[in-house]
Each structure stands twice: as C-alpha cells, then as structure tokens.
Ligand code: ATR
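Have a look below at one chain only, the form predicted alone, in structure tokens format.
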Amino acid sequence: MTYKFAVFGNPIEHSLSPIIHSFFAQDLGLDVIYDKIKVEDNFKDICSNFLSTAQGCNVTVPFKQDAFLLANNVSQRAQKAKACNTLKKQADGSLYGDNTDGAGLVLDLIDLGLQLKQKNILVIGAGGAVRGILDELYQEQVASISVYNRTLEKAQALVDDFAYIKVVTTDSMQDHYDVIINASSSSLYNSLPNIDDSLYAKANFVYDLMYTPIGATIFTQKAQALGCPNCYDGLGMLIGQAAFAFKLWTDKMPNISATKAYMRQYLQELQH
C-alpha cells in the first residue's frame, strides 16, 4: 500500500517534514509519498481536495486553527489547544484532528534526560505553540508552570483554557526556575526574550522550540554562556511531533533517536 501525506502551510519552502517522514517510511519499510503544499488562502477547499485521495496531512502556521475547524472530531489535546497540526481521514471519510506538538516536546525532554515531575517551569511566549504544549507539560506532574509574554494580555488570555498556569511579568517572576522553555519566535529574529540573566544561570535545563543545524540558538547559547548545564534546540520536538502524526496515520512508531541523528547530519550537510 502507498500512503499519501503532505504538510500545508505558508511559508512552507523551509519545511523539513518531507525529509523526516521519508526517513520514517524508509526505516519502517513503508511506501510513502509526502509533499509540502503552500496555501495562500482557501485552506479548507485545498486541504479537503487533497484528503479526498490521501490518508492524512500535517498543518503548520498559519493554518492550525483552520485545520481544527475542518476536523469532524478532535482529540482532547487538540480541543484544549484549539488547533490541529495533524489530520487523519477515517474509514467513513470523516476527518480526525490531533495536536501532537506537546507530546513531541515532552518525548524529547524525557529523551534528553529531564525528569519533569515537581519541576518549576517558565514558558516564554503565548502563541499557538504555547497552547499546544501546556497540557502535556502539566500532565507530567510538574510543580508549577509560569508563562511570560512580551504582551501581558496575550498571556492572560491563556488562563481561560489553562487555569493552572501562573502569568508572570519581569517584576513578578520567581528568582529561580528549574526549566526554561522558549516557545516564542525570538530566536528566529536573532533576539533574546526580556528575562534576567540570573534566571539562565540558575536554571538546570533550557530548551528552545526553534532549531538550527548546530543544535544551538541565540537563546541556548546565552544560557550556556551563563552556566546552564543542559541547553537544547527544538529539533527533537519537531521529530517527535512528526512521529506521533506518523503513528496516528500508520499505527507504526518511528525510531526517534535514529531520525534525530540523521536529521542533524542532514542539516549540517545542508550548510556546506
């Protein structure tokens, strides 16, 4: 059987999803065609048309909320995030939506040796990426989750759906967090979030959802320079969320560590 998938988004040229899913398929001995499709507008029609002859798709920015609305039924985590990054066509032709971002993140954090239980976590950002990860982090029995965002109102809007979070400002932050997760897009623009240097120095684990060929971002490099012992980029999360989508479609879980090693090498070769 040949599986047919794609990722929809805009911009989409830079997407690594086709490379990742091709590696999954090859590693598991499955026949998979995986495309990337740029959508200007009319996501609903383009996606529905594609899924008439395909088994599923991934959806990235800015269409995750459109995918959520397109799905006939959704997972509990997609319901909380109000966004889907994965759609699966069911046997009856209906669409099932899931959000695998948070599961992908937690899988990578655990793989990197982080014990989340009873940890105080600071999450930077309040966009769609944050909505996708909060519940999965919370379910790991963490001690607390604080959310900091440049625009306070945007962070406070999360409290309606995630009552357990604490919204903080630069003035009301604790003086120490065990784990700091940068879920803002600051690293994309080579800038740093407005948090005190002492927080990096006192943290034991720092993670940036952005990724680079060298495995370090401006954010993780800053933390490392200030003495944080464990600093990681988000390549593992990207692979993790893709793996959960692949499992939803094919019932087979890909080998994460083999994919991570392959993708890191692929990115480094791409640079040269």
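Each residue number is its position in the shown sequence, starting from 1. Since the model is a prediction, treat every value here as computed from it, not as a measurement.
One more form of this protein should be noted, the form predicted in complex with the ligand, which is absent from this view; the next part is about it.
Student: With the partner left out of view, is A126 within 4.5 angstroms of the ligand in the predicted complex by any non-hydrogen atom?
Tutor: Taking the distances in the predicted complex, the answer for A126 is yes, it comes within 4.5 Å of the ligand.
Student: Residue-level contact is defined here as any heavy atom of the residue lying within 4.5 Å of the ligand in the predicted complex; does K202 satisfy this criterion?
Tutor: It does not: once the ligand is placed as it appears in the predicted complex, K202 has no heavy atom within 4.5 Å of it.
Student: Would you classify K166 as touching the ligand in the predicted complex, given a 4.5 Å non-hydrogen atom cut-off?
Tutor: Looking in the predicted complex, residue contacts with the ligand do not include K166, since no heavy atom lies within 4.5 Å.
Student: For S146, is any heavy atom within 4.5 Å of the ligand in the predicted complex, or not?
Tutor: No, S146 is distant from the partner.
Student: Between K89, R150, H176, K82, only one gets a heavy atom within 4.5 angstroms of the ligand in the predicted complex; which residue is that?
Tutor: Residue within 4.5 Å of the partner: R150.
Student: So which of N72, Q156, S185, Q139 gets a non-hydrogen atom within 4.5 Å of the ligand in the predicted complex?
Tutor: So the residue touching the ligand in the predicted complex, by this definition, is S185.
Student: Quick one: find which of 188-196, 89-97, 110-118, 72-80 has residues within 4.5 Å of the ligand in the predicted complex by heavy atom distance.
Tutor: Every other range fails; the passing one is 188-196.
Student: Does anything in 29-52 come within 4.5 Å of the ligand in the predicted complex by heavy atoms, and if so which residues, in order?
Tutor: The stretch 29-52, when checked against the ligand in the predicted complex, contributes no residue at the 4.5 Å heavy-atom cut-off.
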